[in-house]
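Shown here is one chain on its own, the form predicted alone, set out as structure tokens.
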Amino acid sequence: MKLLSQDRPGGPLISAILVLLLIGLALAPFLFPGTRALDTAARICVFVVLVASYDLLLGYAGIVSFAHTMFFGFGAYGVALTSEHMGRSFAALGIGTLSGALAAALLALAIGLFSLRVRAIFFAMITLAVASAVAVLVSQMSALTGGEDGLNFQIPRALTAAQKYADFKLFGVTLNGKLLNYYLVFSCATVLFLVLLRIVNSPFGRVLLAIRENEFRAEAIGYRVVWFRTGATVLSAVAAALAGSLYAIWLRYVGPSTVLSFEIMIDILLMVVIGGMGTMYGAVVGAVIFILAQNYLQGLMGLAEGALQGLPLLPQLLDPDRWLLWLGVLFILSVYFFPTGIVGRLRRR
């Protein structure tokens, strides 16, 4: 509890949900067999960190930024480039992770110092311009980044399915490098989430909340608002870059559409809103709901369409090709019934 600063989820229901999600992710390879289920669980782990890092910026510091996927991409490309040039080794993964995090921190520091003095929408437009410029630059530097095709790279054999650690199966699961890779992603994501949770419950996090609520009052009692906001921007960028590194290690591929796309930025915003801004636990709930919907809603609609054949109108409405429409409807309903997010609403109850 000292590590978490006694930040309890806020009620038995939300606590039970979070415990079930933690158990589900921890035992995902054994509870949900299959490549697709394991890939979905790994993506959830990565996006929990990514969404939590953005919530530090938006929900706690009150800063609207559209450059978060840029920092995510820095971490991913850092791992890809070092693995490409240094070979498949853990040293390459470590150096790439640190390089991506350092590059993200330096750029976030520069953006913060030179841009956070402007207000609200103007800062958001600056971050959008910088992120767009970086995305175009990465797409055009084909010799280094692979351009639009991206980079496929190799990771250590110990983290691939080719590496077998036992001749038997444990509860029907092969003990190989892919399993080890998943638990690397899961454990690192858990540690990063706990670190972010500790940050927002530290004195630094309390000052960020004060600045979010009343910037002029915080300035009047002696806090350097720009410095605290810049610090939040840097910490958020580093966490996003580390999440990008985990994503690259899992996928063994990076490309502009995978880690730098503006669609990912929109997805992050949706997850923050669904889970609840200013509640780190909301990042977990939002990421799980959104990624499960992205991966399985279309399939569920296909099953429903087949079961309702012969009925008027319903099969057409549940056509799997309309899954994005229903995803939008689910988002609208969640915002309507949970305006402060799911975790925020449950905490208030």
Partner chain sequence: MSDPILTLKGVHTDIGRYHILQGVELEVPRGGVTMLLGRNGVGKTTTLRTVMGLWRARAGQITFDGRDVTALPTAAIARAGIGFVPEDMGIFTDLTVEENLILAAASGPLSSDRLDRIFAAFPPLKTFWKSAAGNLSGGQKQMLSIARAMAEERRLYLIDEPTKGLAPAIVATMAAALRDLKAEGAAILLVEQNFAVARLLGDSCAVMDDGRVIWSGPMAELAADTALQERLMGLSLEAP
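Numbering follows the first chain given and starts at 1. This is a predicted model, so every value here is computed, not measured.
We do not show the form predicted in complex with the partner chain, though everything after this point is about it.
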message: Would you classify Asn214 as touching the partner chain in the predicted bound form, given a 4.5 Å non-hydrogen atom cut-off?
response: yes
message: Given that the partner chain is not shown alongside this chain, does Ile121 nevertheless sit within 4.5 Å of it in the predicted bound form, heavy atom to heavy atom?
response: no
- request: Report yes if any heavy atom of Ala218 sits within 4.5 Å of a heavy atom of the partner chain in the predicted bound form; otherwise report no.
  value: yes
query: Is there a heavy atom of Gly172 lying 4.5 Å or less from a heavy atom of the partner chain in the predicted bound form?
result: no
- prompt: For the chain shown here without its partner, which stretch in 104-112, 205-213, 141-149, 83-91 has non-hydrogen atoms within 4.5 angstroms of the partner chain in the predicted bound form?
  reply: 205-213
message: Using a 4.5 Å heavy atom cut-off, which residue among Phe262, Tyr223, Tyr183, Tyr253 comes into contact with the partner chain in the predicted bound form?
response: Tyr223
- request: Counting only non-hydrogen atoms and a 4.5 Å cut-off, give the residues of 235-249 close to the partner chain in the predicted bound form.
  value: none
